[in-house]
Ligand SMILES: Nc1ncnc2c1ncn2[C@@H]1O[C@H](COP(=O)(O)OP(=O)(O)O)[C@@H](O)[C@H]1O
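Here you get one chain, nothing else, as structure tokens; it is the form predicted alone.
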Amino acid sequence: MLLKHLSLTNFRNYIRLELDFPSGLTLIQGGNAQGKSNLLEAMVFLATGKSPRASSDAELVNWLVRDEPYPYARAAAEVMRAHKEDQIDITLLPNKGNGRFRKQVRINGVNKRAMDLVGVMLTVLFRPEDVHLVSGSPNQRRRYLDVALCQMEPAYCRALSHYQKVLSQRNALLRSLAERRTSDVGEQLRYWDEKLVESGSLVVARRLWLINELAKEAALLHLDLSGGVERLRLRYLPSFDPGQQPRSARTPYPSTQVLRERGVEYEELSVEQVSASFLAHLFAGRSRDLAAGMTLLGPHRDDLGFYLGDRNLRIYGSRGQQRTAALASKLAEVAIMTRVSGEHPILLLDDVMSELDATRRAMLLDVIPMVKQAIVTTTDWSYFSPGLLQEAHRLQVKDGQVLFIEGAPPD
């Protein structure tokens, strides 16, 4: 899979940009706040329909055009995959003068839903924030799993979207029931329980599958990254055991603390197995949900644990160990996505070299030739060897302008 051309109009700090990319390695150098990360953000936006950085699409529209009568932003790409060329186009258009923007998505000139973008252009993005994947929040780790699975399985993306909508509706009902103190709790919750389980069970089952796959790949990569002295283990840390039924309504979460510390390990669970367990746990935990006014268990409370032996790296790992585990997991994601899709994803590294020591930088650079295309941003050319600089396609970014660098590698 290759990104051949990127076109941006009024996207972040780019008023107008037309940029070709070759296969192999592209290095993009520039100072802070010049637009390097914006380029990679546009690529992920085209691949997933969502920005990895912005909280709203309005942030993507160049501020210089905000006061124009009809402000808009556009990102487009030409992608080559399996001897087939696809054109992706996303335009952000003003939405009824309320300061928000709506997406107009086209694939090969045909209007599509944003969800239809999934799988057209596969990307794996590694940012400085991802270096802190192990030590960061559970939400960061859930997002990591979701972005990877959504690109590999459109059905997962649909299930996740459905789950989030139903969860919001069930939580609203729980708050309403708590305020009214009605006795007809079971009948009103039953419908939303079943709807929540309908999509949530697929989310849980596929996350378990991905974590198992990541665990296999990352363990081998981690051995290389750590010089063969440490073996990484990844575990699913759910809010309920998807392979077990609760013991009784009085003990709906008999092993919650254990689950969140040690996780669960199943080779595989079917959606049907997870459904039976999820529904039973929801039923057993209704009183707690009503008291809290929210749903206390489900994939929205999942976590992912990183361990060396039985030692939780989030709590007991050094910063170097945490970063090595995060790097091994991101590289494992590349291998899994390649195997599942039959296509090499585009590897995007956003100024992560400054976050890694010399040994880990060298190991990461050794992996780059394994992918068909890698696009790497940096503030400093010195992170790369003269030989690598000579072979790479080199660009420089300054104030939203991109220049191609020819000749000898820079000093």
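A residue's number is simply how far along the shown sequence it sits, counting from 1. Just so we're clear, the structure is a prediction, and the values are computed from it rather than from any experiment.
Below, we refer to the form predicted together with this ligand, which is not included among the displayed structures.
Using a 4.5 angstroms limit between non-hydrogen atoms, R66 touches this ligand in the predicted bound form.
Heavy atoms of P345 never reach within 4.5 Å of this ligand in the predicted bound form, leaving it off the interface. Although the partner is absent from this view, N32 contacts this ligand in the predicted bound form, with a non-hydrogen atom inside 4.5 angstroms. Though the partner is left out of this view, N38 does reach within 4.5 Å of this ligand in the predicted bound form, counting heavy atoms only. Comparing 380-388, 42-50, 360-368, 55-63 against this ligand in the predicted bound form, the single stretch with non-hydrogen atoms within 4.5 angstroms of it is 55-63. Along 3-21, residues R12, N13 each place a heavy atom within 4.5 Å of this ligand in the predicted bound form.
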